[in-house]
Each structure stands twice: as C-alpha cells, then as structure tokens.
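In structure tokens, the next block holds one chain alone, the form predicted on its own.
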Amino acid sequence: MKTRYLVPMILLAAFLFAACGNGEEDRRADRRPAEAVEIDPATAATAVTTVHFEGTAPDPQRISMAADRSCQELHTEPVYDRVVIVNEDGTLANVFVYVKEGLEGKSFPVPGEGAVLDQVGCMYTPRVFGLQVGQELIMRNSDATLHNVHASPTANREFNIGQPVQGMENTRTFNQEEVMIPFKCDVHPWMSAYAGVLPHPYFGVTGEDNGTVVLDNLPPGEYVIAAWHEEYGEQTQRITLGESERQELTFTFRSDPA
C-alpha cells in the first residue's frame, strides 16, 4: 500500500471506531435500569382531579342488536351508546385521568392482579380502563354468543382473539406505554373500549356516579396531569406538589370548543 493512502485510512478508522464507541455508549445509557421508587407515606402528595362538562350533551344513539338475536334477547329495554355520559352533578364519565409527565426514569411494581375487560350484554365492560405495562389483561366473554377482542395499538403488538364460548378467558400483556389503545368486536360493530397502558399506577377513570379521580401516594414533584375522553380529546395541566400537599384540579370539556 502506498504511504500517501496510509494516513487518511488510519484517520478514517479512528473516526469510525470513535463513532461506534459513542453509539454503543449511548445504547448502554439507554439500557440503564429505571430507578425503583420508594414512597414515604409521611411526605406523599395527592392530586384530586374532577372533570366537568359544559354545554349540551349530544343525544345518545340507540344501538340496534337485530343482527345477533342472542344479543337482542339479553335486553328488555332499548340500548344506547355510552360515548358521552354526563352525570347529574355535571361531571363527565369515562374520562381517563393520569400522570403524563413527571415520573420518567422511575419504576413501579407491576400489580399481581390482572385488569379485566368483560363482555356483558354484548357490550364491553368497562368501556374505558387502565393497566400498567406488563400487567395481565384478562379478557372474558360472559355472553352465550361469539365475541372477539380486537386490540389495535400502535406501540404494542396488535391481536385479535375469538371467544365463542361463554365464560371463556384469554390473557395478554402490553410491553410499551400507550394512551389510548382501542378495542373493538368485529362480530358486533357497536362494541368498543379503550385502554390506557402506563409504566406507573397513577391513573383512574371517572365514573357514572363520581366525576373525580384521586391520584394519591405521589412522590412530591412537578407533574403534568392529563384527562382524556374519546369524543373530546385530551387536556393537560401542570402542577407542583410539595411534601404532604393535596391539590384539587378541575378539567372542563365542552360540547362546543370555547
């Protein structure tokens, strides 16, 4: 090899070695284990989140189950969609409330008990729910007719499970954080549900009798709290919680954007 080519090649090799080395160092940094969080009850904080609704709620749409007589015979009264449910006190049901930012790099134990998505009366129950990354999701068919559970995530793996037998159960887990994952039944197109998958336990869903979610036992710090609704999207608020502090937050969703 001629000498005039030797120096540039040595420099190039050194550059590539350094670049590869830095990349490997970055990848090692990405693989650093998350810090396990130990909550001190004496200093833990609480965020009390209430979700209100303003305006005129849309009229619920009646669901026709005539395509499946087995479903139709499970109901003696008309069935309506459960998209927008406004409680008597003006709060909004089926809103997923969670800590969106402020817990990065921290790890929390995964619950040993699974979350349950049931199929009752040819409807998913619950319609909106949450679970942690790695927590078992139990999908159950309580109806004496064929259902299928078709999850369509983007960060996690899609699956579609048929459940032709009453009482049948299947389980799956999600390995990535994702808010929200839609579920549907391809047999009964009116059936839908949504799941929020988080790496921590700080989440909840507003109910049909209570539009408040209490996020307690939080380590003091700065957080972004989010409230998500399938029809009205997501809102966020940033708060700072001191030791043993309890803050109340209010979200308001409107039928017509302000």
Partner chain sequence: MKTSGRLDGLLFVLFFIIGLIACIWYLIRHDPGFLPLASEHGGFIDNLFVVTLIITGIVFILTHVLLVFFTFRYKGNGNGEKAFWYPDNKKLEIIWTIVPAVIIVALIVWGQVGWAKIFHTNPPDDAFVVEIVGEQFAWNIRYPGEDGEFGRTNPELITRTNPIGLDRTDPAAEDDIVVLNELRVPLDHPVLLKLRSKDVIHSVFLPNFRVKMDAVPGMTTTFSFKPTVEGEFDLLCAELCGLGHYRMRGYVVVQPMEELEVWLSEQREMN
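Residue numbers count along the first chain shown, from 1. Just so we're clear, the structure is a prediction, and the values are computed from it rather than from any experiment.
The same protein also has a form predicted in complex with its partner chain, omitted here; what follows describes it.
Not displayed here, its partner chain is kept clear of residue 37 by more than 4.5 Å at the level of heavy atoms in the predicted bound form. Using a 4.5 angstroms threshold between heavy atoms, residue 142 stays clear of its partner chain in the predicted bound form.
Using a 4.5 angstroms threshold between heavy atoms, residue 81 counts as touching its partner chain in the predicted bound form. Its partner chain in the predicted bound form comes within 4.5 Å of no heavy atom belonging to residue 220.
Contact with its partner chain, judged by heavy atoms within 4.5 Å in the predicted bound form, is confined among 190-198, 209-217, 50-58, 37-45 to 190-198. Contact here is defined as any heavy atom lying within 4.5 Å of its partner chain in the predicted bound form, and by that definition each of 62, 146 and 230 is a contact residue.
The single contact residue among 134, 164, 109, 121, judged by any heavy atom lying within 4.5 Å of its partner chain in the predicted bound form, is 164. Heavy atoms closer than or equal to 4.5 Å to its partner chain in the predicted bound form belong, across 40-79, to the residues 61, 62, 64, 66, 67, 68, 69, 70, ordered by sequence position.
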